[in-house]
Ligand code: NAD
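The chain below stands alone and is given as structure tokens, in the form predicted alone.
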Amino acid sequence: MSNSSTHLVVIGAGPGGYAAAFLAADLGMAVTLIDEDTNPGGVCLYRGCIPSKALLHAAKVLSEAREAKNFGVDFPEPKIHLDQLRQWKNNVVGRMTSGLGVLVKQRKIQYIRGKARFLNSSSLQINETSGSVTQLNFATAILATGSRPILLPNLPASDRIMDSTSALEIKDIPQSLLVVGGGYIGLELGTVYAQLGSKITVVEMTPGLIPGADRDVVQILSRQVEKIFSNMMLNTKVTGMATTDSGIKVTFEQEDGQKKAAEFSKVLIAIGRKPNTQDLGLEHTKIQLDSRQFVKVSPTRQTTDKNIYAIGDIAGEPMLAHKASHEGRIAVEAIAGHKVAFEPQAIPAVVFTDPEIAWCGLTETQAAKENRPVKVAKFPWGASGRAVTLDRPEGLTKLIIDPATERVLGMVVVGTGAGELIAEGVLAVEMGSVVSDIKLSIHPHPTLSETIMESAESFFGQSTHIYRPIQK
């Protein structure tokens, strides 16, 4: 076993890990970055955010081609060349990850491909993919090992049962696909397969899709996905699966106890993710886990072991790439001696369905749970000139406002491009803006961003394109 040392080691090269490693190198630290993949990227770039969004773009093009007949442009039914689509998606991933590899070299970061386990609070054993074994001594470590899909217990062994990773491989277009889980992963991948030609059934054990999101925006999404999905089964549990000669037979139990069964060509399990805190040698450190197996961290992302920090999915929810990246930068600045803390007022979340849903800060649902009084200012996209010209009037923008101070506490958007619009809400919440700040900020016309300004105007009963006077 060879022996080496570094000032900072980052374990895991996803959006949190590589962001931390890059900033540390920029600050002059000697950095070692460890991951099993050829280049940095992690689940997000290799098996998550990027490949799924590439496929969702293809799905959106298919959808828009079919919907163009609404305004007099009629395309023939698209021909899908699956091998070429898969290769295009893989090329997107390759381009992004190889670019990160270049940045590693430019920053003179030592990149080791392999699996790392703690020997103690200041050293690691790395089993490299080349077969070599290295002991690496470090002054400080950042854990950024991410998460993995949760699977149902007692599943039969079958390549017809997919998780979010295998679903992105698009090996074929199944005639029928059951999506287990009505959260953002299931709906995004269900949208892809539906537009490619699969008959999609979604089963969700709660009363509605996207649990936790505001119901009014989810209703808008539900009305749209009902047009492309064959069936949605809410308040329903999957109680069993068995392989057949032609697919997977699935049994269900509804809220009233009624049971039924159906057969599908394939099944996608999309019921959430769990942190990768296993098999890391944490028992050889002072790191503590909570009841859900997340690493306990302080506001600086320092664990209960003073030499080790943790960021991203293993450090708690929300499990989002941009949250991990920000945490990585906070951890590095803390290691560098800066006075910092991870205390965002608004972490944006985006569901990349069609239409998209995005929110940040306080939502109506959260306010209701906390018995917190709020005022809500809304603007329906049917009154947006830009939304109508895009033939996408199904949408809504709303601001969550403190009634006493008129401060903007949150923003929620449903509609095409909602993920791009939400950043203005993040800035408003983080800067402590009041609703008149948004009202008085001139937004370009005709754009979807105007819906944010007109939401603010509606708070005062003065929105130009809707009549909604203040109740006196």
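Because the structure is predicted, anything quoted here is derived from the model rather than measured. Numbering starts at 1 and follows the sequence shown.
Note that the form predicted in complex with this ligand isn't included here; everything after this is about it.
For the candidate set 211, 385, 99, 156, a heavy atom within 4.5 Å of this ligand in the predicted bound form is found for exactly one residue, namely 211.
The contact with this ligand in the predicted bound form, taken as any heavy atom within 4.5 Å, belongs to 352 out of 138, 352, 229, 193. Residue contact with this ligand in the predicted bound form: residue 86 places no heavy atom within 4.5 Å of it. When this ligand is considered in the predicted bound form, residue 186 lines it closely, a heavy atom lying within 4.5 Å.
Remark: residue 181 counts among the residues lining this ligand in the predicted bound form, judged by a heavy atom distance of 4.5 Å or less. Looking at residue 60, you'd find every heavy atom of it more than 4.5 angstroms from this ligand in the predicted bound form. Screening 101-109, 216-224, 398-406, 264-272 for residues having heavy atoms within 4.5 Å of this ligand in the predicted bound form returns a single hit, 264-272.
Residues are counted as partner-facing when one of their heavy atoms sits within 4.5 Å of this ligand in the predicted bound form; in 133-167 only 152 qualifies.
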